[in-house]
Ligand SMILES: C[S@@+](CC[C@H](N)C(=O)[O-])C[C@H]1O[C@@H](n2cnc3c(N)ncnc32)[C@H](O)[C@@H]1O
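For reference, the chain that follows is the form predicted alone, supplied as structure tokens.
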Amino acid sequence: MIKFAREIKYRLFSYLESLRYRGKDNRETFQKIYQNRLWGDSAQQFYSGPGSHDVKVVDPFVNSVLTFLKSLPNAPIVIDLGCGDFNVGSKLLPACQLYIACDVVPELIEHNKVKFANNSIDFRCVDIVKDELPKGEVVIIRQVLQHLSNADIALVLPKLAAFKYVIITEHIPVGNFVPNLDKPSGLGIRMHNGLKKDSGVVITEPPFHFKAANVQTLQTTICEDQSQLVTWLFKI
């Protein structure tokens, strides 16, 4: 009975979110999210939410990724897919030959170009689902896939074979859970769908079965609600 009630709640959440973005592609969807400040109320014109600004979350991620990037023989070209307001990416620049920061929202990219003007940064408007990805050695996808539907994720993953290293961070439950429950692309994530600690994206699990030569957990942060942010490093 409890399992049935949870399933009904999940289906209701998915339906309501699909209504919110009906008829919109990902560009329009995420434009509306930024315009309406749905990531969080902030004085900033563009704000990617507390997950991109809380030092308890950001600093451990940055430190672990910097350590990895500096361990490589040469400073790499890094591709950031879903750079957001660039508060996180800006901290990784010292270890990069070139940082190509991509997002689907044109206004956000133009804003970042002005705010973070630097010869070592290349901001590009890219829809990672539909567009060809820039070329580089390392790709970072931080808390992005969790906002996409399974169909959209399935279109992104084959493109990652072009990179030597893939760094992915996702918000997932602690303990046992059913990974990759579907949702519409948009604001919500599989952790926050009206069902506490319900699901999360794990690309090595069905229906994705992402393959890599080596997979390791680069860093884990336990959140206040006892969920976790996990960063995986995939060597392709």
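Each residue number is its position in the shown sequence, starting from 1. Quantities reported herein were computed from a predicted structural model and do not represent experimental measurements.
Omitted here: the form predicted together with the named molecule. The next part is about that form.
Partner-proximal stretch of 68-76, 90-98, 121-129, 157-165 relative to the named molecule in the model of the complex, 4.5 angstroms, heavy atom: Of the stretches listed, the one contacting the partner is 121-129.
Heavy atom of residue 64 within 4.5 Å of the named molecule in the model of the complex: Although the named molecule is absent here, residue 64 would stay clear of it in the model of the complex, with no heavy atoms inside 4.5 Å.
4.5 Å heavy atom contact, residue 39 to the named molecule in the model of the complex: Result yes; residue 39 sits at the interface with the named molecule in the model of the complex.
Non-hydrogen atom contact residue 83 with the named molecule in the model of the complex at 4.5 angstroms: Looking in the model of the complex, residue contacts with the named molecule include residue 83, since a heavy atom lies within 4.5 Å.
is_contact(residue 210, the named molecule) in the model of the complex, heavy atom dist at most 4.5 Å: It does not: once the named molecule is placed as it appears in the model of the complex, residue 210 has no heavy atom within 4.5 Å of it.
The named molecule in the model of the complex: contacted by all of 26, 52 and 104, heavy atom 4.5 Å: Verified in the model of the complex; spot residues all in contact, yes.
Stretch 131-164 - residues with a heavy atom within 4.5 Å of the named molecule in the model of the complex: Read in sequence order, the residues that approach the named molecule (within 4.5 Å, in the model of the complex) are 142, 143, 144, 147, 148.
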